[in-house]
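As a starting point, one isolated chain is supplied in structure tokens, in the form predicted alone.
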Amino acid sequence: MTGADTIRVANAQGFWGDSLEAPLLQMRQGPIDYLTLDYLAEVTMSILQKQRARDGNAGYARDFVEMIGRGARDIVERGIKVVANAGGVHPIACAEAAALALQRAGVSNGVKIGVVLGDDILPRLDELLDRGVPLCNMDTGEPLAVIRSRVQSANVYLGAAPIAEALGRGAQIVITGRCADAALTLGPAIHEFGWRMDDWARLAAGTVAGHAIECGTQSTGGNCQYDWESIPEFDNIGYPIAEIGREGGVVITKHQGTGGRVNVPGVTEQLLYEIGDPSTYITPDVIADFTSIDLEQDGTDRVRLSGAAGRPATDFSKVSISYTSGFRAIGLLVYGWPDAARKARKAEEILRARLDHLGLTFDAIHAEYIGANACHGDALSGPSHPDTPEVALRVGVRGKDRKAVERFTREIAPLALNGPPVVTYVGGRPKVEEVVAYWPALIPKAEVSWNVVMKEVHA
């Protein structure tokens, strides 16, 4: 616990691929205490696992290491602590790469990196199954044994406690693997204010703060539906900051002089993002009730959140499992006026017939007409206008037989000459890709153990 009454936790990555400049700007455009970086989505873990399979030193978010190198002096000289789930499936390698980046930047002496371990249960799967932990699919109820041989990654969502421990042991940079997104923000609050792990209301407040900023600019005007055309300076949009008070008060804001907008409708949109039952937002640390939250404008680009309620966490942790599930390929043809939509639909009809003639079967064939109600379909939007200038036919197949999928990729291009007229073939022959599927499961918390490894960087 420190003596601060309020901390400023800034987020600068909503996903791996977000702005490379945002972390540096968050550190340089105004005061912050913590910088959080959320790199991981479910599919990202399987991508990282593939990278590690090819290279034993890979498996983490490389953008993070680059950021550490570029921002090393800001981190050290401004005393900013960085918390990131950049470790992916290989947090140790990520920490070693970050330490090297600090050394190369010449600001390495005495910087401590805390590495949170324990989320990766891939090596333990057989042991768990043998001991009667079925890891059933949360959607279908099927036991993991059904797809065990095809599993690529299995990671437990850890909570905020190990992050708080790493900070308590002096870490200036905390690297985790899979953890709950909001835990990146809740961990610093627990560390700074000494919140008990059964102080459900405060844990809920910290979780709400974390959820509000975890998706980057979605709470500061990015990807916002409410009056989006009046949002200023998208090109200079500010990333979010959560001001968290010792008693659990939360204000969402951004640096002055940046673009974007922080208002009640925008923050409300983000709060409702990716949650099922808003009264029961389950995290490893607490069950937060979003229905009790009050939002009020607290000045320009400031929204105050209060009233978050919390209940004891469950006895289970969520597990994110990825597994291979066949192959897919997607092709694209663009048809021009007149009758662009009718041509695209006829091309799909021809393609399906030719696949039938070849005796090819797939788990799924899907076609959509971009430019002609692809988002909502004819049922909602009505038939496309006959004068639509162009329509892109995007057609894909998915199946377990790679040869069948490969043959599909050779049936797209011929449509340019032996199908409807006024067509452009886009992107060359489709590429066959392995399909990685998602298997959500629960594991008793008694089966999960985490630990923190500290690394001190020296020149």
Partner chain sequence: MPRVRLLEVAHARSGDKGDCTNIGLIALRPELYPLLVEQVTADRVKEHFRELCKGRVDRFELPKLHALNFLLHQSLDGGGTVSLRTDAQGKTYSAALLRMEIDVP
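Residue numbers count along the first chain shown, from 1. Fair warning: this is a prediction, and the values are worked out from it, not measured in the lab.
There is also a form predicted in complex with its partner chain; it is not shown, and the following applies to it.
Only one of the listed residues (Asp63, Glu390, Asp33, Glu42) places a non-hydrogen atom within 4.5 angstroms of its partner chain in the predicted bound form, and that residue is Glu42. Between the options Val76, Ile330, Ala99, Ala161, the residue in contact with its partner chain in the predicted bound form by a heavy atom within 4.5 angstroms is Ile330. Proximity of Asp126 to its partner chain in the predicted bound form: non-hydrogen atoms within 4.5 Å are absent; the residue sits far from the partner. Its partner chain is not drawn, but in the predicted bound form it has no heavy atom within 4.5 Å of Ser153. Among residues of the shown chain, Met197 is not one whose heavy atoms approach its partner chain to within 4.5 Å in the predicted bound form.
Under a 4.5 angstroms non-hydrogen atom cutoff, its partner chain in the predicted bound form has Thr291 among its neighbouring residues. The stretch from 187-195, 111-119, 368-376, 165-173 that comes within 4.5 Å of its partner chain in the predicted bound form, counting heavy atoms only, is 368-376. Residues of 384-410 lying near its partner chain in the predicted bound form, listed in sequence order, are Arg394, Gly396, Val397, Arg398, the criterion being any heavy atom within 4.5 Å.
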